[in-house]
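A lone chain, given as structure tokens: the form predicted alone.
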Amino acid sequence: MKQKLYDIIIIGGGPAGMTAAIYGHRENLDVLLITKDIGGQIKRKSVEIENYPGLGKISGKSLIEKFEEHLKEFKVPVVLDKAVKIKKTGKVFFVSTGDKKQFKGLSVIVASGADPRPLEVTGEKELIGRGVSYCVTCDGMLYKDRITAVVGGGNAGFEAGIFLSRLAKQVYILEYGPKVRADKTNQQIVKKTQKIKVITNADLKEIKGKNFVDTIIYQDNITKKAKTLKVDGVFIEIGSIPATGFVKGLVDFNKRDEIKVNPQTGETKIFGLFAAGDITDNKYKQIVVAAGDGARCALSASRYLQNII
């Protein structure tokens, strides 16, 4: 049986990937979406979103459900699998997956997002799932009336702390630098929350616990003294690593391992291969920006296909 040739294969089921699929379908193209899960980081991590136009305040889970409902209206086929390799032969791309399947397409949009960045401190790996977590919406409910720490003073860290403050009896937010990086709105919310204590100049050195986390040790960057906090859980919120391993050797990257793209089209150095969302060298990592990237790439792919078919 002859293998189907898609117009566009999209890799990644977050806002960028789903928007690309919607726009690709509206261009009357044969689209396939390959993703290990629907929603990406937003479904796993975002607690409340207030800056997506037209929706006011909405949870990350609810926003992704709206994306998914829209996608289902167009009946775009979805393969729940992980892309592990892309190669191009002539005008055709071949996408291989973890389940050892292969799909053919005339163009590809990579929108695979990013994975949580580990701290790589003593005790972290050993206690993953036993008090160490990278997903507050996944595991936060386990810490009702307990003591938790969030590592990271950016928006993700503050949003995690705000979420935990509704459950835990005490939340510490540790920031390595002298100032937190969260936006003013999140800072104001935290200031009004009696349960959250922000600690700056804190360099986490060790996570301890026999069976489960019970203690963290950090160094004060000013006094250089080690300090100890008794906690039941630690949530790591120090950023993410672009999920780009499967395109190594195929595209160009910047120093942060993000894919370099043409800012007008989203195209990489390989004709017909586009990238969208947090995996690109786009400066601003926002949901609305990722969705815009997905739309741009789908429209660019449509124009590309008009030229090669």
Ligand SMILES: Cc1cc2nc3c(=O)[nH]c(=O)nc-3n(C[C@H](O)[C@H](O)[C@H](O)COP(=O)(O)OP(=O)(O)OC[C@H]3O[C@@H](n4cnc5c(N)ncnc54)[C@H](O)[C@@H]3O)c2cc1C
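In this text the structure is predicted, and so the values were computed from the model without any measurement. Rigid core: the largest C-alpha set superposing within 1.5 Å between the two forms. Residue indices: 1-based, along the sequence shown.
From this point on, the text means the form predicted in complex with this ligand, which you will not see here.
J.: Within 4.5 Å of this ligand in the predicted complex, do we find a heavy atom from each of 34, 48 and 51?
T.: Yes, the whole candidate spot contacts this ligand.
J.: Only one of these stretches, 226 to 234, 202 to 210, 107 to 115, 151 to 159, has heavy atoms within 4.5 Å of this ligand in the predicted complex; which one is it?
T.: That would be stretch 107 to 115.
J.: Under a 4.5 Å heavy atom criterion, is residue 25 part of the interface with this ligand in the predicted complex?
T.: No, residue 25 is distant from the partner.
J.: Is there a heavy atom of residue 146 lying 4.5 Å or less from a heavy atom of this ligand in the predicted complex?
T.: Close contact is absent here: in the predicted complex, residue 146 is far from this ligand, nothing within 4.5 Å, heavy atoms only.
J.: Within 4.5 Å, heavy atoms only: does residue 81 come near this ligand in the predicted complex?
T.: Yes, residue 81 is a contact residue.
J.: Decide whether residue 134 counts as a contact residue for this ligand in the predicted complex under a heavy atom distance cut-off of 4.5 Å.
T.: Residue-level check for residue 134: yes, a contact with this ligand.
J.: Would you give me the residues of 8 to 26 that have any heavy atom within 4.5 Å of this ligand in the predicted complex, in order from first to last?
T.: Residues within 4.5 Å: 11, 12, 13, 14, 15, 16, 17.
J.: Residue 240: after superposing the rigid core, is there a C-alpha shift of 2 Å or more between the shown form and the other one?
T.: After core superposition, the displacement of the residue 240 C-alpha between the shown form and the other one reaches the 2 Å mark, so yes.
J.: Residue 136: after superposing the rigid core, is there a C-alpha shift of 2 Å or more between the shown form and the other one?
T.: Yes: residue 136 shifts by at least 2 Å between the shown form and the other one.
J.: Residue 59 and residue 132: their C-alpha distance differs by 3 angstroms or more in the predicted complex. Do they come closer or move farther apart compared with the shown form?
T.: Result: closer.
J.: Since the Cα-Cα distance for residue 235 and residue 56 shifts by 3 angstroms or more in the predicted complex, is it a contraction (closer) or an expansion (farther)?
T.: Distance between the C-alphas of residue 235 and residue 56: shorter in the predicted complex, by 3 Å or more.
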